[in-house]
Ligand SMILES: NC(=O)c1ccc[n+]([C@@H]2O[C@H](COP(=O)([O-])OP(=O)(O)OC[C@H]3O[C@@H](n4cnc5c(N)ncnc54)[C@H](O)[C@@H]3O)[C@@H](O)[C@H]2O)c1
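Let's start with one chain on its own, the form predicted alone, as structure tokens.
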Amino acid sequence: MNDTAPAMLVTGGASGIGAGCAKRFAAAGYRVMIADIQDEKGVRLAAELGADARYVHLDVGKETDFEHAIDATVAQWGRLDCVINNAAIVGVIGPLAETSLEEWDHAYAVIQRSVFLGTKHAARVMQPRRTGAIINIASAAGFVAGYSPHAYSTAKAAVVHFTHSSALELIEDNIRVNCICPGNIETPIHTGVTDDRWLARMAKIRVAQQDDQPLPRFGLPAEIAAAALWLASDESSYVVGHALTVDGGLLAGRPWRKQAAPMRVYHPAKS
């Protein structure tokens, strides 16, 4: 165990993008705290990563859980250098008229309020040291409607703007806040289930949707993790309040191959 190695905490760290981040940061020499409500998966992943990984139960809708998880990380590793606010759900699906206030509030609690709480309590322990990186996992859906349910899209848009707003305050203490906006990524959340059925569902979704963006494949959690590791590193030391899109070109526009009339270069007729 390296007592001088940096330490990080990732919410929703037991699977999907969170697990990808835990693995990538551990490989880069970080001591990793995996936080989730999926206790069995989280404990298993921490054991897989070895002596420099631990698991803590964290319900991101509860501020007391955040306080405990952040404090447990500092108690375990003696420091906190990076927090990745990753936990999310798809949330309520359907027309507005069929959406209850309770369903709407629950989606926002998990997707957006959790980012506020994670940032608040990360800053609490980072500010005295005047250093740290906070990385929020937003979504391409936070920039364009029509790809995700109402609550999910708008909550992710709020994550992007909260990143901008909180970055302005926390950079005064040399804490850099940024976010990553993934496109279509192969994770359980994309299938609507978190158990072992997700792989079979993902195979069907992949066939139906992987051609939706210019790069005709789904992204992998490891690719989002690579972006997160860069944002946590000194190599991105001048990057503050940024929304980094990692989406296979989804937000750039409609794939060239799908345009109704392929564009041609105009050549004036010779006289």
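Numbers for residues come from their place in the sequence shown, where the first is 1. Everything numeric here is computed off the predicted structure, so don't read it as measured data.
The discussion below concerns the form predicted in complex with the ligand, not included here.
Trainee: Choose one stretch from 95 to 103, 166 to 174, 80 to 88, 122 to 130: the one whose residues place a heavy atom within 4.5 angstroms of the ligand in the predicted complex.
Mentor: Residues of 80 to 88 come within 4.5 Å of the partner.
Trainee: Quick check: do 9, 178 and 241 each get a heavy atom within 4.5 Å of the ligand in the predicted complex?
Mentor: Answer is no for this spot.
Trainee: Verify the contact flag for residue 16: yes if a non-hydrogen atom of it lies within 4.5 Å of a non-hydrogen atom of the ligand in the predicted complex, no if not.
Mentor: Yes, residue 16 sits close enough to the ligand in the predicted complex that at least one of its heavy atoms falls within 4.5 Å.
Trainee: Since only the chain is shown here, I'm wondering whether residue 137 would be in contact with the ligand in the predicted complex (any heavy atom pair within 4.5 Å).
Mentor: Close contact exists here: in the predicted complex, residue 137 approaches the ligand to within 4.5 Å, heavy atoms only.
Trainee: So in the predicted complex, is the ligand close enough to residue 73 to count as touching (4.5 Å, heavy atoms)?
Mentor: No, residue 73 stays farther than 4.5 Å from the ligand in the predicted complex.
Trainee: Quick one: does residue 59 come within 4.5 Å of the ligand in the predicted complex, counting heavy atoms only?
Mentor: Heavy-atom contact with the ligand at 4.5 Å: present for residue 59.
Trainee: For a quick check, can you give me the residues of 36 to 58 that have a heavy atom within 4.5 Å of the ligand in the predicted complex?
Mentor: Residues within 4.5 Å: 36, 37, 38, 58.
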